[in-house]
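Shown below, as structure tokens, is a lone chain in the form predicted on its own; questions about how it binds or moves come after it.
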Amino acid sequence: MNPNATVALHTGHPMPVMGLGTWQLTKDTEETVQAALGLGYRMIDTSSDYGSQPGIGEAIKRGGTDRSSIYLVAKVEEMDDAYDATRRYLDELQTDYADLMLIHRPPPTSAGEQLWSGLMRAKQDGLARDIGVSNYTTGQIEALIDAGGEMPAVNQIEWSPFGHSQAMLDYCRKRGIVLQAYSPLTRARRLTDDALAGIASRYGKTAPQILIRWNLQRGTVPLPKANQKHHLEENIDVFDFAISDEDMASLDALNERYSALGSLPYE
């Protein structure tokens, strides 16, 4: 595994094994994304409510990295008209297509069947190469499929050793859905955990690097956020070591369904 490694979606399209999260990355977004691309990041994750889309668009436009080698993940909101919103967000991003367009979260009273229909239309028209969901339970994914929709390529959910679900991972593997991990660094709230620090010390790595590497070895796709160059460098420097089976089990055992927002909502 290396920074250029990819995972195959069930559609056959490749997706980088890790990316850059941009939630609340509203200051110096353009410079941060350009720095990330220069370090070898090739996947950028955004959403309209992050406030980072215009800066990402400028970074792609002004940077020296060809658009075809950048994997861009964007999201429609639960109250959007998914098709119209896709067009609007692509305009903000100054690009003709998203590599992956997600429903950011399910609407309060449904699984978002109408949103999913709009995303399928966007994919058909070439506005998105693949489509998926975020913050969905297994039951909500099944509802989309039962309504005549295609299988989501991705479910993006909060995921770390402190909060994860083996049942969700097993379900996604069975269905051929790739699990993307947002907030894989617990928004820095669990980085001082003693058990995590002990494992990091054994490998001569930092706690964030252990959390990212745990995701990679679990087969999930981490999207760590960073807005300082040394953190960008730190987060991508995770391909020169492997966590032992014993230490992976110890990290798994830290699970308490922790979420930065409370308790994980998915099964």
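Numbering starts at 1 and runs along the sequence shown. Since we're looking at a predicted model, the values are computed, not measured.
There is also a form predicted in complex with a small molecule; it is not shown, and the following applies to it.
Heavy atom of each of 134, 208 and 225 within 4.5 Å of the small molecule in the model of the complex: Each of the three qualifies.
If you check 140, 117, 95, 186 against the small molecule in the model of the complex, which one has a heavy atom within 4.5 Å? Going through each option in turn, the one that passes is 186.
Want to guess which of 168-176, 79-87, 122-130, 188-196 is within 4.5 Å of the small molecule in the model of the complex, heavy atoms only? Looking at the other structure, the answer is 188-196.
Is there a heavy atom of residue 261 lying 4.5 Å or less from a heavy atom of the small molecule in the model of the complex? Yes, contact at 4.5 Å.
Given that the partner is absent here, does residue 237 sit within 4.5 Å of the small molecule in the model of the complex, heavy atoms only? No - in the model of the complex, heavy atoms of residue 237 and the small molecule never come within 4.5 Å of each other.
Exercise: residue 50 in contact with the small molecule in the model of the complex, heavy atom 4.5 Å: It does: once the small molecule is placed as it appears in the model of the complex, residue 50 has a heavy atom within 4.5 Å of it.
So in the model of the complex, does residue 231 come within 4.5 Å of the small molecule, heavy atom to heavy atom? Contact check for residue 231: yes, within 4.5 Å of the small molecule in the model of the complex.
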